[in-house]
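One chain is shown next in structure tokens, namely the form predicted on its own.
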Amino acid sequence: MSVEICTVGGFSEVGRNMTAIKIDDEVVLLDMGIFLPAIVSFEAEEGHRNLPTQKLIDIGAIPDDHVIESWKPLVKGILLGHAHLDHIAAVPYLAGKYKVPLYATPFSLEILKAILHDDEMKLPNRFVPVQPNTSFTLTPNITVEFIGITHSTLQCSMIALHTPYGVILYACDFKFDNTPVLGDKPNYKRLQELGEKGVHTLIVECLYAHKEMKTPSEKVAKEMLQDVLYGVENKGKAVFVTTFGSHLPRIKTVIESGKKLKRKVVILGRSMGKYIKAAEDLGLVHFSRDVEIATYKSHMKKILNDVEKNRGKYIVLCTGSQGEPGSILDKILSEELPFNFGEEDHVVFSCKTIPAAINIANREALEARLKKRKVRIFTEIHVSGHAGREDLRDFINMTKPKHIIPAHGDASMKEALGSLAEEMNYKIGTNVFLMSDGQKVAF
């Protein structure tokens, strides 16, 4: 009798997250995400969507779950930690083959339903909402607990599996934000209690394990963004802000800033509209009371024509933070949407460029097109949603795991977390396991 963990995806790259945990003769699946750069690169070359599941596996866009084919009859449930696409967007392609319930916070389930609706797909799985900081019995031997944590969207959770062998804690993605702009502080009390009880294995993100810092609060990003919006002369100039469509705390800051500047905030783009609608349907935000949201081309054209005539009266919040083809900024610059950027109009990138070659190239190309219009560009108005090295040190001290598996990162990131663990008297190969996609480790 044993615990066995298969690192299906997200252990050789940033994204495509999926982990399978076998406890005796029962299996739990954690996350099913996409590797977006693979999809963007493929579409740039081939120019079409709606690929079959095997093709998505072949191009590296979704996890290759064939490595757990023999575990398929043993799977009892699929658990999703939060609503980002690199954690849930492979669900439409993979979950159906397991025919077990799918458990996630209400917000994550709303986003998943929206994805399925947009792609005209259906799943046989039953959707079971789980509120943060609650638990449920999955099987007589496995109790599942969702522990509320801060990240960069809503209702994010660490997932604790309570088993006969101890707690297995899955922590992808998180930061320790003590002054969140939206939502609750991390549930430190519960994490400390788990540490006192004893954590068998910690599966933890390592994205910024090499950065010797504590990741700043979202409150810092709010101040950075307001410093640009309030502190730089923009009278009579168009102001465009772009960020990740899922980043509802950042969207909240833009809306509050518009009120103070007496500029009407308009939100353009389907992805932003999708996340806002999901949050509003659950009563988590009420943005549409204060802003106009456009997701259809005709509506966007009307708004942009108004902005063109009254550029000093609006803030436009839109997609395009990664320079992605088909985003609102791209369509404006390609003249698919009617707006002409003028000299010293403002474009604020309240984000970082996700470090993949295709994203970097797309952003550079977009910025070059903006510079030709003599637009003022403000970049890196952002703080991360991921834990830095010193957050990870505090987390390991808090939870006191017997074993550590770095997740959600490439080889250098995993090695950085391994070196931190060795500073803390762990040993790589003994109780720290630097695993790649498709590998298994048994305890």
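These figures come from a predicted structure and were not determined experimentally. In case it trips you up, residue 1 is the first one in the sequence shown, and so on.
Although it is not shown, the form predicted together with a further copy of the same chain is what the next lines describe.
Chemist: Between the options D184, D281, D306, E223, which residue brings a heavy atom to within 4.5 Å of a further copy of the same chain in the predicted bound form?
Modeler: Of the candidates D184, D281, D306, E223, E223 is the one lying within 4.5 Å of a further copy of the same chain in the predicted bound form.
Chemist: Within 4.5 Å of a further copy of the same chain in the predicted bound form, heavy atoms considered, which of T215, T105, T253, S327?
Modeler: By the 4.5 Å criterion, the partner-contacting residue is T215.
Chemist: Pick the stretch from 90 to 98, 337 to 345, 194 to 202, 295 to 303 whose residues have a heavy atom within 4.5 Å of a further copy of the same chain in the predicted bound form.
Modeler: Stretch with heavy atoms near the partner: 337 to 345.
Chemist: In the predicted bound form, does I142 come within 4.5 Å of a further copy of the same chain, counting heavy atoms only?
Modeler: Although a further copy of the same chain is absent here, I142 would stay clear of it in the predicted bound form, with no heavy atoms inside 4.5 Å.
Chemist: Can any non-hydrogen atom of E423 be found within 4.5 angstroms of a further copy of the same chain in the predicted bound form?
Modeler: Judged by the heavy-atom cut-off of 4.5 Å, E423 is in contact with a further copy of the same chain in the predicted bound form.
Chemist: Is S384 close enough to touch a further copy of the same chain in the predicted bound form, meaning at least one heavy atom pair within 4.5 Å?
Modeler: Taking the distances in the predicted bound form, the answer for S384 is no, it never comes within 4.5 Å of a further copy of the same chain.
Chemist: Answer yes if any heavy atom of G231 is within 4.5 Å of a heavy atom of a further copy of the same chain in the predicted bound form; otherwise answer no.
Modeler: Close contact exists here: in the predicted bound form, G231 approaches a further copy of the same chain to within 4.5 Å, heavy atoms only.
Chemist: Going through 354 to 393, which residues have a heavy atom within 4.5 Å of a further copy of the same chain in the predicted bound form? Please give them in sequence order.
Modeler: Those in contact are A357, I358, I360, A361, E364, E367, R369, K371, K372, R373, K374, R376, I377, F378, T379, E390, R393.
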